[in-house]
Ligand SMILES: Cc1cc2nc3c(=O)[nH]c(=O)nc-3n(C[C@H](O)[C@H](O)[C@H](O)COP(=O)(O)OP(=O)(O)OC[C@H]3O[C@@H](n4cnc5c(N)ncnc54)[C@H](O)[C@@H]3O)c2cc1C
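Below sits a lone chain in structure tokens, taken as the form predicted on its own.
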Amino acid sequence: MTPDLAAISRQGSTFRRFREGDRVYGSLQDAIFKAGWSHKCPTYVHKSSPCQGACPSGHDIRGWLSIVRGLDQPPAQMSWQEFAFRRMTAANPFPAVMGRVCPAPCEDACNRNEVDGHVGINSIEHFIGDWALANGIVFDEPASESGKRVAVVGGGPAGLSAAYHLRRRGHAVTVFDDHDALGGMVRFGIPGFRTPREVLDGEIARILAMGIDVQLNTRVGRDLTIADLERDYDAIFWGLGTQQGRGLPIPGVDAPNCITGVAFLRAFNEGRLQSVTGQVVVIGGGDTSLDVATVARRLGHVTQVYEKDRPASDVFGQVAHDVATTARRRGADVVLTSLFPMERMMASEREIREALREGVTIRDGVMPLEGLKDPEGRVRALRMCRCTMNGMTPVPIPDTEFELPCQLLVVAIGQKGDLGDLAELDNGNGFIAADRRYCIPGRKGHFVGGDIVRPHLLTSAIGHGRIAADGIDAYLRGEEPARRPRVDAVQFDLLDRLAELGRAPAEVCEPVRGTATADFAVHNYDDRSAQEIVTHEDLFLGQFDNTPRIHRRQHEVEADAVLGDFGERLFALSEEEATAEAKRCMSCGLCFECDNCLIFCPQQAVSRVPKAERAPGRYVETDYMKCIGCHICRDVCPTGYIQMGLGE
């Protein structure tokens, strides 16, 4: 297919590596001769793709996309879907959940944005995750038991990730949680129309089936002491999460109708909050505030309000609504305010767009000044003003004050840990201190991860659990935790893949320089994936046609129909759609078998590796007796896999 040159030009891609106006050589002949004098020949350099570098959980995204698109074939008797699932879950055991709710920083980093828009990584993960649940795919139990026991305190994404990775290594794991069900903020903080509970339950059950013990309704610090855990277990992972919301630092908001976003969402997810009253004002701008706002729109408000029907009563665990009164409700007026302008809000663009469609009003670039109370001591309105931002500090704009009426004020401006029973772990700010390997300084055998270290994304908490599990495993073996690599992810390993295929080289050594005679994986192969990320400037973007992304279908709820609509919002791609979308991946940093180097080499120095010896990244080889170092193979390599090396 001939590329759309105009479209490519509009997107900034080029059929050359050189920018318009560059004058490196007077002619191509001069370039070839000059390059030939340098004695530089192709070096095959494996680097991390930017999607992987941006994924906090450390997915080998390029690796499992190559499986979905058919480049990396599964073993006999295994479907490609299962093969992709197992590659995914080497880093993250929650593909079905995260395929729905992750804001996908991997997609923001995708080099395909320089052509026609990112690959729909999140939607393909969603498809694979759902397929694995529907087909009953389970994790393997460990091949052997280590004899070591680890306590995991907290059954949210960080704790369950740590438990999963520790169990894979053969350690006995017990998860302690003070709720009556596992899941942490995924269960009690995210509404079911974003994470269906059957999906969450299925992925948790698959982890526990590896042989993980669970003690629910158990609060460490109250029911058990730290000393108890230190006595009975060889290491401890703290994944407590942040169960307390931060209050609004202005006067007048110490009122019964002022609650935190954390409390609001927990009451809703536990079934205690069934409606809201009047106008709801949500202070925030992040994903939690968007969840509060969209839940409030779905709940609506009652037309007759008795004291026991006020939402604050439900949040604080008092009597539930009268069923007949609750039935007479209508759509709530929900206003979300943000210090930042809408384009700089912390929430994902998709969640903002959905909230606006569902009837949430967003007042951006405003700051609260004071809560104004009625005679009953309830906040009746907020005094606010327009503002600008100086970094993270709001600066009020003079003479822009106004009142914003409210009957319920929900503050979702941040969270902190509930460490009242564990004061010795508190770093003074409601969190637990950690080093880069998620060890707790000064507490041997104690590790930590998730929001209790630093509130961030769910995928970040999952990544913390994986990294901490590495450190715990080293500690249990009597070793110091290894220094973490610059690109801290589960990396594709060519030698491991060759071994899986029964094609391991006769010798394993540093890259063989300047020869094609030894039996090695790839001559002059250099694995820099732990240190370097390939950028779009390393790629030959002219290789890629303008191919629009295949979007998931969405249950798009309009404002006049949102009341009571708790149906799931995202639908998985079909198998054909997932495969087609994966084919848009540019395989940044690793060969994807396009044959360009083979076709364009003027010396016929490049040839395909015999089919029986191939693997991802091991597709072509160079005869260095023929190579003159002209650099053409490097210039036409779409993925940036070929670099020129071997010295002058």
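Heads up: residue numbers just count along the shown sequence, starting at 1. These numbers were taken from a predicted model, which means no experiment stands behind them.
Quick note: we don't show the form predicted together with the named molecule, though the next part is all about it.
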* Asked: Among Val220, Val360, Ile259, Ala489, which has at least one heavy atom within 4.5 Å of the named molecule in the predicted complex?
  -> Val220
* Structure fact -> None of His456, Arg553, Arg383, Arg344 but one has a heavy atom within 4.5 Å of the named molecule in the predicted complex; the exception is His456
* Given the named molecule in the predicted complex, answer whether the residues Gly192, Thr337 and Ala355 all have a heavy atom inside 4.5 Å of it. => no
* Any chance Phe127 has a heavy atom within 4.5 Å of the named molecule in the predicted complex? -> no
* Proximity of Ile226 to the named molecule in the predicted complex, heavy atoms at 4.5 Å -> no
* With a 4.5 Å heavy atom cut-off, would you call Val153 a contact of the named molecule in the predicted complex? -> yes
* Evaluate Glu203 for contact with the named molecule in the predicted complex, applying a 4.5 angstroms cut-off between non-hydrogen atoms, and reply yes or no. => no
* Residue stretch of 557 to 565, 375 to 383, 75 to 83, 182 to 190 approaching the named molecule in the predicted complex, non-hydrogen atom distance within 4.5 Å -> 182 to 190
* Asked: Going by the named molecule in the predicted complex, which residues of 152 to 180 come within 4.5 Å of it through any heavy atom?
  -> Val153, Gly154, Gly155, Gly156, Pro157, Ala158, Gly159, Phe176, Asp177, Asp178, His179
